[in-house]
Ligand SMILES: NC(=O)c1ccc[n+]([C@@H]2O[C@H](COP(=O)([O-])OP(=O)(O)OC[C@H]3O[C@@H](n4cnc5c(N)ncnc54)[C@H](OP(=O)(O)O)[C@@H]3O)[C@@H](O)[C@H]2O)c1
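Below sits a lone chain in structure tokens, taken as the form predicted alone.
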Amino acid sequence: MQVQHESHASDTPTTFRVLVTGANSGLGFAICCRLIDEFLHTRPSTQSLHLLYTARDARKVAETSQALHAHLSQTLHKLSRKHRPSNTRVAGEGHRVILEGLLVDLAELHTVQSLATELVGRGEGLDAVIWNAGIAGWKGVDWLKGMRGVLTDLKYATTYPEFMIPDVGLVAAPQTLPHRSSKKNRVDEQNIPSQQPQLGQVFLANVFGHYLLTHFLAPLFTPSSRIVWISSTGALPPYFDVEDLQGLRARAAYESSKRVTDLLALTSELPSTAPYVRGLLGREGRGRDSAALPKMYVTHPGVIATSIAGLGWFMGFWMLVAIYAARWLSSPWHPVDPYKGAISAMFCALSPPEQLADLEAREGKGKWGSSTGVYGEERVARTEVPGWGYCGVPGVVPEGSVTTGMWRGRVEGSREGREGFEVEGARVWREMEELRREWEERLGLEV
């Protein structure tokens, strides 16, 4: 599916605000770059982009700021060398893009609260958020198994890798809050119980930290706002057990967390999850109608070359060769370049309503993936999700879906499978809401 460009007849100045987490490298940085480029190429001169991006420490924020400003300069230079259309006039003067770095560590809940407090205090709405930050939770690579897979079944082995060695049972550090002097809600570190319940580290960084941030930022969302979750091609049922929501016993906590992401986003508009979604977005007691809520979307970047696997330069080079080879052998899910992998997240954040919201209303919610052809020409395509299918309707395959490169454990869609997915999704929503309230009360979190 190619991205359509939105037209605007109004000359009223507007600002599009988008927040991207984990922007200091890899996919997050590429998403920021692609948002800048697509915005300047497609939006009229009356619109400006306020791009807020996060990293875990001040050094990474500063480095990301320098790199993004350099990318913006390059983009403006390229535009100035072309026959510039009228909608880039102001962009050429450098006034249409505001870049702002912010600090947050999704594995430390007090920083989630601090970020949300700052943004809500400004009172400026958010048009889109892209929840990208995360960690892998791997401790190494089974090279023998990996080489065997690459040599005998290259495309499959690099699309659904089973050679990463997981660090099972990773637990996040105890959560604390700095001293606060608010008379309304005073919190002292010594009052926080020393024996806190465990939080899965990967689950916290990839899902729960973003989930809390979504709740805290709810006052800034409008019905047209978009909450974009980043998932993975590896978000498969064998890696997730609903009895182990946080993946503390999972043999692949990363893939488990991404399955949770799929379940949350794809079931977010069903009647069975409506009470929990309204709770997350601060809309309890406002009736059954969920039309006024911002919508959630789920995307994945395909297989791209980033540092998340923690490979050294030598093995990283050969892995890069392998994933390029998989694309040349016609795999649909190997963009390789993070910039190409960013197209699905950009699509869900910037595409006009008639291309996305209306499309999902007509054809059902989908998981939007970054797909490429043999020569690297990228597009956005629906991805089959086990249990859900392509659009939440068993047996229906909308136009633009990818039907090759399938997971070998898949079964044909069925009514029973679809019902099971919804039941599991509703349970995940219920337990996420219970977990949110539990930790808000335990740490005195509020915005």
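Worth saying up front: this structure is predicted, and the values here are computed from it rather than measured. Residues carry their position along the shown sequence, with the first being 1.
This protein has a second form, the form predicted in complex with the ligand, left out of what is shown; the following refers to that one.
Distance criterion of 4.5 Å from any heavy atom to the ligand in the predicted bound form singles out Ile230 from the list Ala253, Met346, Val260, Ile230. Of the residues given (Leu248, Ile135, Leu270, Ala357), Ile135 alone sits with a heavy atom within 4.5 Å of the ligand in the predicted bound form. Contact annotation: the ligand lies within 4.5 Å of heavy atoms from the stretch 24 to 32 in the predicted bound form, the single such stretch among 24 to 32, 405 to 413, 66 to 74, 380 to 388.
In the predicted bound form, the ligand lies farther than 4.5 Å from every heavy atom of Ile130. At a distance threshold of 4.5 angstroms between non-hydrogen atoms, Asp105 is in contact with the ligand in the predicted bound form. Proximity of Gly302 to the ligand in the predicted bound form falls within the 4.5 Å heavy atom cutoff. Interface residue remark: Lys60 is counted as part of the site for the ligand in the predicted bound form, having a heavy atom within 4.5 Å.
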